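Single chain ahead, written as structure tokens, the form predicted alone.
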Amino acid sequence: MSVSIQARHIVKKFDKTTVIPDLSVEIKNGELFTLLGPSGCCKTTFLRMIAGFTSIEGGEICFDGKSINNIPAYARDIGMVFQNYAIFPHLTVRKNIEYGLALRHLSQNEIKKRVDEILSVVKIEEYADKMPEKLSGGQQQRVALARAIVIKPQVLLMDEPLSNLDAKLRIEMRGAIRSIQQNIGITTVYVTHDQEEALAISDRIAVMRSGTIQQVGTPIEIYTRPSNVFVSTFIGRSNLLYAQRAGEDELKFGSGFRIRVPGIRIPQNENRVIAAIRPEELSISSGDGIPAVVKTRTFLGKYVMYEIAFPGEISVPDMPPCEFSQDLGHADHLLDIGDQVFFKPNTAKINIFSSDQMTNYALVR
């Protein structure tokens, strides 16, 4: 039986340095919840605190509302899948999967039944009697996953499980993990720094930075309505442009181009805001729009990605280059390097941030 997880005002210190100052989050029973963030943001540290491998200096972690702070790791009833698989090289696939069941002193009949079932679930029945060295990376990861869930834990923890696989295999395995997790219905906490991976498999995502949670939401919510500039630029790409408040729901860019964003309310004291526009949310205009110059063109199969330069006075400094994504299925013609183009943003999807980069006015309509 899976459980919900509550983290309440968690504090983590290494020596005298506080790396997680005050973290609170609730993970629902049966969901696949992803901790996403750059290296060093403490997502793995938090995962290890749930597992009981790392101490807690403040707050508490609960399963179904009951504190587990004082329960040792071996008694927390969790399964864990590591980045390096951690399967035993001297045991066959079947023996690897049996290991945790044997420690629980189950009967041989029960062990065989459970192992046969999980081999079928993770689709590695034909490799049951092979040694790990005979398996591909993806097959070894399936063995690690099977070993973690065959014991029927309350919680499954996964720490960067696909980072050692090549790009094609990562896509295949993330689909397999999602399918298996939904089939079993086990509460899963998944750590990754790969935004595409998180968007593809998660029920909800917590975006972390420097030991704090910046936003929690579904993949669609996180991508379309990021809570602040960090989330907007970390999840996918966003073109960040300065704009002047021209009214409660109107913006004026340095070029003189104006747009209305119906339903939005920009405070009067916000004279200058930051407009965040995804590359796919720009459209080419015949002359009325924000001017830009094409700097590079990259062919990516289904679409072409252009690096574009907006006027310096409206470009937010110290940010990645601005981009425009052109779908080849709907493109009348390709742009050339050096072309001067006018762009209009999709006002239904634009995000408008406060000057301190911490508030998205599109979320407080």
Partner chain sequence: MKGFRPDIWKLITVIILILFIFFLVYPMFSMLIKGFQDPATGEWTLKHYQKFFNKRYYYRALINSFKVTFSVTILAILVGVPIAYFMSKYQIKGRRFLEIVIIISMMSPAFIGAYSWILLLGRNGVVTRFMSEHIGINTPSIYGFGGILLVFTLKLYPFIYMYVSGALKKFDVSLEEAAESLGCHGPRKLFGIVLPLITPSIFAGALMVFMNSLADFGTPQLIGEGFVTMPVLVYSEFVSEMGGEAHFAAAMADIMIFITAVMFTLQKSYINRKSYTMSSLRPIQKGELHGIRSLLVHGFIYLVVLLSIIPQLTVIYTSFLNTNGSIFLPGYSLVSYRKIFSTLGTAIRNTYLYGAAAILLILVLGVLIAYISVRRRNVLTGIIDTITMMPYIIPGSVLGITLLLSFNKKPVILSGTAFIIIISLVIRRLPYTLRSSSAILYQIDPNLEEASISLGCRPMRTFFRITLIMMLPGVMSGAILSWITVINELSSSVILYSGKTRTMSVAIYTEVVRGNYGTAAALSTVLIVSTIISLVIFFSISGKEGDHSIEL
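Positions refer to the first chain, counted from 1. Think of the rigid core as the biggest set of C-alphas that the two forms share within 1.5 Å after superposition. Computed from a predicted structure; not experimentally measured.
The form predicted in complex with the partner chain exists for this protein as well; it is not shown, and the discussion that follows is about that form.
Taking non-hydrogen atoms only, residue 303 never approaches the partner chain to within 4.5 angstroms in the predicted bound form. Not displayed here, the partner chain is approached by residue 54 to within 4.5 Å at the level of heavy atoms in the predicted bound form. For residue 272, no non-hydrogen atom is located within 4.5 Å of the partner chain in the predicted bound form, even though that partner is not displayed. In the predicted bound form, residue 90 approaches the partner chain with a heavy atom inside 4.5 Å. No residue in the set 320, 349 and 361 has a non-hydrogen atom no more than 4.5 Å from the partner chain in the predicted bound form. When you look in the predicted bound form, the only residue of 124, 151, 165, 259 with a non-hydrogen atom within 4.5 Å of the partner chain is 151. Between the partner chain and the residues 132, 291, 217, 100, the one pair within 4.5 Å by heavy atoms in the predicted bound form involves 100. Screening 293-301, 64-72, 331-339, 33-41 for residues having heavy atoms within 4.5 Å of the partner chain in the predicted bound form returns a single hit, 64-72.
Taking the partner chain as it sits in the predicted bound form, the stretch 108-147 comes within 4.5 angstroms of it through a non-hydrogen atom at just one residue, 147. Residue 171: CA moves less than 2 Å between this form and the one not shown after rigid-core fitting.
Superposition of the core reveals a Cα shift of 2 Å or more for residue 89 between this form and the one not shown.
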